[in-house]
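Just the one chain here, laid out as structure tokens, in the form predicted on its own.
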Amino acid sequence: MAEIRIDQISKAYGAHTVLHDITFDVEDGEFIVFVGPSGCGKTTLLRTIAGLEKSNLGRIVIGGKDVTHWPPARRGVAMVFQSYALYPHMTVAQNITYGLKVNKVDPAEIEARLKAAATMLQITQLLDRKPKELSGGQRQRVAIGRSIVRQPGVFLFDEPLSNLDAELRVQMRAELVALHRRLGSTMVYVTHDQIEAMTMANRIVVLRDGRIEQIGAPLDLYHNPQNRFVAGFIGSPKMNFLSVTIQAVSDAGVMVELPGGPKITVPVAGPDLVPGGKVELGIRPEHLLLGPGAGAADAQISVTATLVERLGGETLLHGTTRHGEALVVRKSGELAAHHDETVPVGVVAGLCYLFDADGRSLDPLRPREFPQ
């Protein structure tokens, strides 16, 4: 068993605290991803699990054993870094098996583990090559193979794909997910790329300023963000935000005035809100309506196009409202719109979010029905 318990971990460098009372569990065999902006503490947390950093408070439990004060070698973890950290003078086979030889594992066992890892990662034909003869993706597979042969209980990945080009990143994402399914091992993965997090994780831990903002399955975070930060961080393009004025609060929800004057009632609970107050309305780019469908929405706002990105299967319209607030609309297929053109954009009240002055998401009165 390789479950991980993070119990009230805090970490400071002098007077600067980088982790604040972090507590959560990673289930055995789970693929969990730490995501957040630069400086949020995600790599420090990963290195604390590995034993490369010492926490000031709290404890780390792996497989039921308190490893807080154990050195990295005793924790049963293997780490894959952003840099491949391969020995340039060694072959692929030598790089993969070096740690086993240092630990005096039986040669027959080393050969069996090497063969199994190379077959799994499809690098059997590369075993006699040196790192300089490999592509970036092949080097990353070697680094992963070096971890696999150790047969750890936990794999720790520190932004392993950030040095690869876009096409290779997509390929390696799929390979890592497939590897996780084959091994069934516990994997903890750090990235600043929320698309990686959404496509790979069983659960995501969203961090900001050394604190956990929300933990959940990818689509749960996407559809049910607890606050404005998570709503804006998860999703690409990110959620649109408009400053709106409260008109009324009732059992049906909160009525707000959109830019340009139209009013909609968002079906959320607002017991502490009062007319005249300010809140932020959030709506995903794909939930805004363009073209003939805009007229069927609960309200329309005028948006002046500043950029139209025609991507083939979809179009992204970037624009501004009458109040100068930026807005992005995603539409499948093509869109006949041009720079500086003003177009009507439809808003569906049931797909909107409201965030109070503290950035907290107001609870929906009924489950949102998202388009299929």
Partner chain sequence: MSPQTADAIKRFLHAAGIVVVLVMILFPLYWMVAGSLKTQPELFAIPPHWTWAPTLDAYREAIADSGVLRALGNSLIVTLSAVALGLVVGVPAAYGIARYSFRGRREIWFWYVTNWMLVPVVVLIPFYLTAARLHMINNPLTLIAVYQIFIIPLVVWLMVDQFRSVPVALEEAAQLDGLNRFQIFLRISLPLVTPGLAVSAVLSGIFAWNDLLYAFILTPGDEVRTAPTIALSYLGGYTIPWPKVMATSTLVTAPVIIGGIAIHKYVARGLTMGAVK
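Positions refer to the first chain, counted from 1. If you superpose the two forms and keep the largest set of C-alpha atoms that fall within 1.5 Å, you have the rigid core. Everything quoted here is computed from the prediction, not taken from an experiment.
The following text describes the form predicted together with its partner chain, which does not appear among the structures shown.
- Of the candidate stretches 165 to 173, 276 to 284, 89 to 97, 291 to 299, only 89 to 97 has residues whose heavy atoms lie within 4.5 Å of its partner chain in the model of the complex.
- A single residue from the set 103, 236, 125, 119 has any heavy atom within 4.5 angstroms of its partner chain in the model of the complex; that residue is 103.
- This chain appears without its partner; in the model of the complex, the one residue of 250, 245, 83, 151 with a heavy atom within 4.5 Å of its partner chain is 83.
- Its partner chain in the model of the complex is not approached by residue 206, whose heavy atoms all lie more than 4.5 angstroms from it.
- Although the partner is absent from this view, residue 187 stays clear of its partner chain in the model of the complex, with no non-hydrogen atom inside 4.5 angstroms.
- Contact check for residue 337: no non-hydrogen atom falls within 4.5 Å of its partner chain in the model of the complex.
- Although the partner is absent here, residue 219 sits far enough away that none of its heavy atoms falls within 4.5 Å of its partner chain in the model of the complex.
- If you check its partner chain in the model of the complex, you find a heavy atom from every one of 52, 72 and 77 within 4.5 Å.
- For the stretch 117 to 146, the set of residues having any non-hydrogen atom within 4.5 angstroms of its partner chain in the model of the complex comprises only 146.
- Here residue 89 counts as shifted, since its C-alpha moves by at least 2 Å between this form and the one not shown after the core is aligned.
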